[in-house]
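Take a look at this single chain in structure tokens; it is the form predicted alone.
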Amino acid sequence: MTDTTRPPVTDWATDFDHTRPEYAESAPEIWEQLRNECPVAHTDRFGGAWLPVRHEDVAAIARDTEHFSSEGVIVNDFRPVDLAPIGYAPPITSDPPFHQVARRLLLPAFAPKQIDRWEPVARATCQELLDELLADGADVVDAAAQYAQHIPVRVIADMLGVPREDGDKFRTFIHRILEVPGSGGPGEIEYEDTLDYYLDEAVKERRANPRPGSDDLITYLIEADLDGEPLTDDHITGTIGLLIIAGIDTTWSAIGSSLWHLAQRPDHRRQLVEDPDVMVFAVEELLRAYAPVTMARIVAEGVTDAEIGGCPVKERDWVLLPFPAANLDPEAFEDADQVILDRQRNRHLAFGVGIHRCIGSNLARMELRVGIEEWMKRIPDFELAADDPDAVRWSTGQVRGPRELPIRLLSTNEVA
């Protein structure tokens, strides 16, 4: 459900609102329009925010930790207060020097060899979902709601050591925080239904019932230390919240967008079937073309000399970093508007750039690859449901991907 209290946009260059459904539906076209007419858009909404769409500007801001703080990474009506340099979800909301310490703590858990251990789990999860999806013999299915949205939910639940049944709660948290940012504030919902409560209870339960020798991430964080001191509960819950919010919606959006693309390109479906070796390049190209994440920064306190593409910005202004727009910039990529599955030169920004480059990129790549591979084994030929081509619904906010994706199955295989 979209926040309908915000007024319609009158001009994307001077009054943009990334939480509106029309932005979600037409974001690439809006970015192209802005790139040609006003590459640094501004809005008075959210108390003042900027939207650069050129690769050069987006990358420069992402690398500039002196002028742009990560204290606020989700644009909404409420600015963070006195949270730097740690932030509420370290390390993504942390600034130097604390950022490096918090990030280094997580690196071992997301190293390639560790992620390799989770591939069988992801593959079995996809196979289970496909069995369920194909069980009733329907010729039209929702590839987002019945497939893509469950893959990272179940994998992250396993990694955290929490019940897979908590996936419905995760989806609720993600909707409130990313799709309608600022909703679910004090007094709007019961505390027992909030992400904060869920995280507090998860840590309490694990402390009350420790799992010595377990490799789940909650146990890992409880047993970890920074310079010999145990992590605070705020640090632990903030990092778990980061893994739930940033590790789920981003990946299911990438999987869903990829299936949306393949449903419209029989030549690309054939290419993947006839030449499996192209998959390694296809994953990167689909990430480039349909990067799901727009991050945010906030102009740091005391900064008076910051600018974006020649536009001066004020202290505490919001700044959106649309990595998807940067990936479609023709100044940065040849044939940027074309999906070329075997593209060789592809230094995309789907996972960001700079010190905050996504720590979970190995996990996301693996889940995307496995999600596509398993789908193509069982459903090698499919298309958008032609009887309702407008039924595809894209998520609003800072993570873009299909929330509803009706797909017509043209051929299926009984055994993977």
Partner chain sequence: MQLKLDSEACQGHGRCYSLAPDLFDSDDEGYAVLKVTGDVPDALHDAARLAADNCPEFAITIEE
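All figures in this text were calculated on a predicted structure; none of them were measured in a lab. Numbering follows the first chain given and starts at 1.
Omitted from view is the form predicted in complex with its partner chain, to which the following refers.
Engineer: With the partner left out here, if you bring back its partner chain in the predicted bound form, are Phe281, Glu284 and Val353 all within 4.5 Å of it by some heavy atom?
Structural biologist: Contact check passed for all of Phe281, Glu284 and Val353.
Engineer: From the candidate stretches 273-281, 242-250, 136-144, 307-315, select the single one in contact with its partner chain in the predicted bound form, where contact means a heavy atom within 4.5 Å.
Structural biologist: Partner-contacting stretch among the options: 273-281.
Engineer: To verify the annotation, which of these, Ile189, Val81, Ala111, Ala124, has a non-hydrogen atom within 4.5 Å of its partner chain in the predicted bound form?
Structural biologist: Contact residue from the list: Ala111.
Engineer: Only one of Gln264, Gln344, Gln338, Thr232 comes within 4.5 Å of its partner chain in the predicted bound form by heavy atoms, so just point that one out.
Structural biologist: Answer to the contact question: Gln344.
Engineer: Report yes if any heavy atom of His175 sits within 4.5 Å of a heavy atom of its partner chain in the predicted bound form; otherwise report no.
Structural biologist: It does not: once its partner chain is placed as it appears in the predicted bound form, His175 has no heavy atom within 4.5 Å of it.
Engineer: According to a 4.5 angstroms non-hydrogen atom cut-off, is Arg104 in contact with its partner chain in the predicted bound form?
Structural biologist: Answer yes; at least one heavy atom of Arg104 falls within 4.5 Å of its partner chain in the predicted bound form.
Engineer: Does the 4.5 Å heavy atom contact test between His67 and its partner chain in the predicted bound form come out positive?
Structural biologist: Residue-level check for His67: no, no contact with its partner chain.
Engineer: Just checking whether Arg365 would be counted as a contact of its partner chain in the predicted bound form - the rule being heavy atoms within 4.5 angstroms.
Structural biologist: Yes, Arg365 sits close enough to its partner chain in the predicted bound form that at least one of its heavy atoms falls within 4.5 Å.
Engineer: Using a 4.5 Å cut-off on heavy atoms, what residues in 42-63 are near its partner chain in the predicted bound form?
Structural biologist: Heavy-atom contacts within 4.5 Å come from Arg63 alone.
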